[in-house]
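The data below hold one chain only, encoded as structure tokens and taken in the form predicted alone.
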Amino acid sequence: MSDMKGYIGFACAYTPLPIIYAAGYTPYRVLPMGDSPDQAGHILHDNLCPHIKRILDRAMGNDLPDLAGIVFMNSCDAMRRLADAWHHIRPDEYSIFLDLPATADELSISFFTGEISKLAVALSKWRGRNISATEIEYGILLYNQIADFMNELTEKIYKGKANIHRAVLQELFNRSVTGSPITFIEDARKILSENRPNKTVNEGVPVFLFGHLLPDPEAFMLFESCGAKIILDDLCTGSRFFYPVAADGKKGLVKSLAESLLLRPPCARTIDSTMPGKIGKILISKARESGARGAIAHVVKFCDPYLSRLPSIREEFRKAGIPLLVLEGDCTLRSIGQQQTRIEAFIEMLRQ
């Protein structure tokens, strides 16, 4: 496989990374982190998802590697606004906007297969050569390896079988989507082979963490300082991202990729017409299986999909008798720190 030729940016966990890699690029997730000044407010409305605004701040502050292009997914209206703003500030940069179905039925999978094929065609034009089926298959195998390593490492950490802090795990999550996949696999293999069971047990209260995204490793240090022990997460910058693609030769590689992406555990923008409150039931199931005494939901302010689902999610936790704390953040560590007293009070309540 040839060396990577530049980065292709992306901002959504549903982005088909194996296709980007197959085209000879390194996928680079633009995480809402860094010290870029607040400039997005000059272009976007103040009451818009801070995830989107922080990404735009990074672009406007030149806090990104050189991107050969960027892939946007139509995951929500705020992401559409980001795509519009990106064209405004970087008019000469390659970009593509893919529609993302909110359901995972056969028609949606078929439609999304076409969108991924559209991405392959665009990337071929950007790179100046066609993408082969062999390259797509290799990309799928490579990212399946990353998913396997991350899932194994995550399980060991949550079960206390690895001497790695949850904050370090988040650093690994971030590295896996911002750098060379091959280098990451080599490092992950070394970590798994050298690490020994954790001798210092975190005596914190077991808590299930879920929500939109929480990429800052220091946030997990703060949770632990408040007496919490995160024993499972459901975040798009965490465990929800890593699910292997079940390649089916009869279906074709692209359709297998589309199906695997749409059938991942749902985020708040996903809809199941046969079970409208499905996401709440799935979260309850995960909380119970993890053995958590309570759950913390971290929701980004002005995130319409999550805010619209929260009432039904709260009701599911109420019926299940599992305490739930909802935190709203703006993708900065400061916003989490401001709620430290609430987190400490919640953990103290769970101790009783």
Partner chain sequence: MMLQYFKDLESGIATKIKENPDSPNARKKYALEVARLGARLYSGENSVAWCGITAPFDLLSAMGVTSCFVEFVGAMLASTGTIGTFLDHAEHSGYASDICGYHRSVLGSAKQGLMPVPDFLIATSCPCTGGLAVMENLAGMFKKDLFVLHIPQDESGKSIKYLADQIRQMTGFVSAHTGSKIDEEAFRSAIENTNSARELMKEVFELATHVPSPTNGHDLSNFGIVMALLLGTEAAIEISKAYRDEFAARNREMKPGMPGEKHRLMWIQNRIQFRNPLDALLREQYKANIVVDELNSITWEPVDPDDPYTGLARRAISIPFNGNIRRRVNHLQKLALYYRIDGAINPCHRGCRQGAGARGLINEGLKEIGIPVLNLEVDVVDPRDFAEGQLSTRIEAFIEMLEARA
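Worth saying up front: this structure is predicted, and the values here are computed from it rather than measured. Numbering follows the first chain given and starts at 1.
The same protein also has a form predicted in complex with the partner chain, omitted here; what follows describes it.
The partner is absent here, but in the predicted complex a heavy atom of 115, alone among 259, 216, 234, 115, sits within 4.5 Å of the partner chain.
With the partner omitted from this view, the residue of 95, 174, 180, 108 that lies near the partner chain in the predicted complex is 108 [heavy atom within 4.5 Å]. Contact with the partner chain in the predicted complex, defined as a heavy atom within 4.5 Å, is made by none of 163, 190 and 330. The partner chain in the predicted complex comes within 4.5 Å of no heavy atom belonging to residue 285. In the predicted complex, the partner chain sits within 4.5 Å of a heavy atom of residue 304.
Proximity of residue 66 to the partner chain in the predicted complex falls outside the 4.5 Å heavy atom cutoff.
Although the partner is absent here, residue 100 lies within 4.5 Å of the partner chain in the predicted complex, judged by heavy atoms. Contact with the partner chain in the predicted complex, defined as any heavy atom within 4.5 Å, is confined among 251 to 259, 149 to 157, 130 to 138, 79 to 87 to 79 to 87. In sequence order, 43, 44, 45, 46, 47, 48 are the residues of 43 to 63 having a heavy atom within 4.5 Å of the partner chain in the predicted complex; the partner itself is omitted from this view.
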